[in-house]
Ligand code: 3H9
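Given as structure tokens, the chain that follows is alone and in the form predicted on its own.
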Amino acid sequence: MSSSLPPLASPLVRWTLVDDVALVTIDNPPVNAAGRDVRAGLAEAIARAGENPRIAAVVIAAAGRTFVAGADIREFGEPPVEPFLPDVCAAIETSRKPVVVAVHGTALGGGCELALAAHARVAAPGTRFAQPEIDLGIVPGAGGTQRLPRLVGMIAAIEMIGGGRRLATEEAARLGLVDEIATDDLVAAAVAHARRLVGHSPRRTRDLTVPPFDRVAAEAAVVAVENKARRQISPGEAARVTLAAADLPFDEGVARERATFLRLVASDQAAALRHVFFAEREAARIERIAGVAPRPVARFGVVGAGTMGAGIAVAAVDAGFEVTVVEMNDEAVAKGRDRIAAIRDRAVASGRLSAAAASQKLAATRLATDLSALAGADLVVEAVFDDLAVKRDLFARLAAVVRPDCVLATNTSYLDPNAIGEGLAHPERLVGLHFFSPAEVMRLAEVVDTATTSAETLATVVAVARKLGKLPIVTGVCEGFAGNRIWAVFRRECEFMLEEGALPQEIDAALEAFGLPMGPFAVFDLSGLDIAWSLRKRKAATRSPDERYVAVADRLCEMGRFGRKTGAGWYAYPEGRRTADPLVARLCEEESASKGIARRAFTAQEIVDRLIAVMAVEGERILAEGIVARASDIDLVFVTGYGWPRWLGGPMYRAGRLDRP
């Protein structure tokens, strides 16, 4: 039986009395972030419950689709405002009356810490628990690193806090994080659980000891976290503070955690990661399709089963689409099937997919040799050779087969989609959808809005890209769109520095020390020099004689040095090891001499600053032309499509910080 209680001061937290249990409900849509008003409401509820003789226990629940999905990130970088989350957690934990949380949806970050501080946790099936603070460049700051290992054990806690692992309800219950799984009414189950605790001393997480664990294995888990993080600081710090829970009294461990949190939240890496977080939120706001409903897409067609087409097909099957792939003949179909199978085999070998699931997904991928197999498709993506005539011919033939409302997407990297669609029936359904290789892995998808693309088509492809697990960035039409256009400028500037005195290994070393996982010349060798060479040869006839042009890459290709696949490119690869090659240094010196350029030494900082600056200048041009909506979209292109670490924030972000310490 419910009865009212005097209202709380916070507008985001309400409470009512269910017999003798106070039901405290957080209502801060959309994700119930633990902002100041939520924290204040919880603190007030716990304090007043402790003083009210009618209340025997407390249940904390949340309205809407989720429990607390983290702190209010808008408060990060701002002066802290009381009540602080650690104090709220401490108040919950030290309450003399039992406090139970009813968790559904997600309990992330600060939400998970609130749950850890309670005396018991009741969860709905399908709930996810995680401490993803490392994604923002920080560590948990409200006792998560000290409470979690006391409940789930040290190894699991390191994997969650340092490695970002999420626990589903069933595993969380098995490890000890969840005390009861509610199979019916979550709140009713939590109220009943709380009532059973009345009259017993509260089980405070802080008073538990960390279960025995293998110290060597725990240290290895920390090292694994640090290695995987590469140069991002927060994962290793988070893992180390978590491990300290086994060695320090609770209060000392919490103090160490809080000091680490405050130090990292003010760091450059955390600021960059917050920038990327907000950039992704902004990227979801696409003015042209505001209020436009996407068309339903169930049947997904792919033309071409090369590396890109195979990857697109895998991503589409994984997203739940009914997928048909068309190739030109039986031999091409067989090779395409082998490519798709190889992707599945790699997933099985890595443990990401079971052999049975791989077989099922492979069987679900239909391959055919006739475009008529796509007659019922809702959307078709072409992934054929990047040649204008080839693509025009394909779309003309497709238009005769598919429905008039079937969305047609071109995966071109450089060609003008407007030119591809010339003469196409119903050109409003044509759009660019540029995936990045490997398409089944890379998160970026540039959605290219052509001169004829309808708002409905654009909305449909954006929705499909999201369902594929991609981050869609809408761009206008220009050569290379946003990413490859800036990458071309970046590449050109690298080659200019070769003429002026730098060597490939020096440029790569500078950028790898800066934080990129691989330097540009190593990347060129990995992707193959012949592809860009073919493009340069096609454009040679229209290149201005006044344009500065560095011929070293052409000379390497003329020698058959196409990169790793031929055993040599910008580097030599004896026994597969990347090695600086004196031959390349000689070619660079000859290029300088032929143009009368005096070579000089470059510092690593000069290399980095120069490349960021030219990228930013080209980015500003793209913005001025309206190719993308905002500078942060450019940052996302490089973070999600070119391996730029999130903790560097992207080239536009870095350019704004060039003059800062």
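Take the two forms, find the largest set of C-alpha atoms that superpose within 1.5 Å, and that set is the rigid core. In case it trips you up, residue 1 is the first one in the sequence shown, and so on. These numbers were taken from a predicted model, which means no experiment stands behind them.
If you look for the form predicted in complex with the ligand, you will not find it shown, but the lines that follow are about it.
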Proximity of residue 70 to the ligand in the predicted complex, heavy atoms at 4.5 Å: yes
The ligand contact in the predicted complex: residue 132, any heavy atom under 4.5 Å: yes
Residue contact check: residue 533 to the ligand in the predicted complex, 4.5 Å heavy atom: no
Contact test in the predicted complex: residue 285 vs the ligand, heavy atoms, 4.5 Å: yes
Listed residue (253, 421, 109, 162) with a non-hydrogen atom within 4.5 angstroms of the ligand in the predicted complex: 109
The unique member of 487, 321, 213, 76 whose heavy atoms fall within 4.5 Å of the ligand in the predicted complex: 76
Residue stretch of 445-453, 204-212, 116-124, 270-278 approaching the ligand in the predicted complex, non-hydrogen atom distance within 4.5 Å: 270-278
4.5 Å heavy atom contact with the ligand in the predicted complex for all of 31, 85 and 258: yes
Core-aligned C-alpha movement of residue 65 between the shown form and the other one, 2 Å or more: yes
Is_shifted residue 83 between the shown form and the other one (CA, 2 Å cut-off, rigid core): yes
Core fit, then residue 236 C-alpha moves 2 Å or more between the shown form and the other one: no
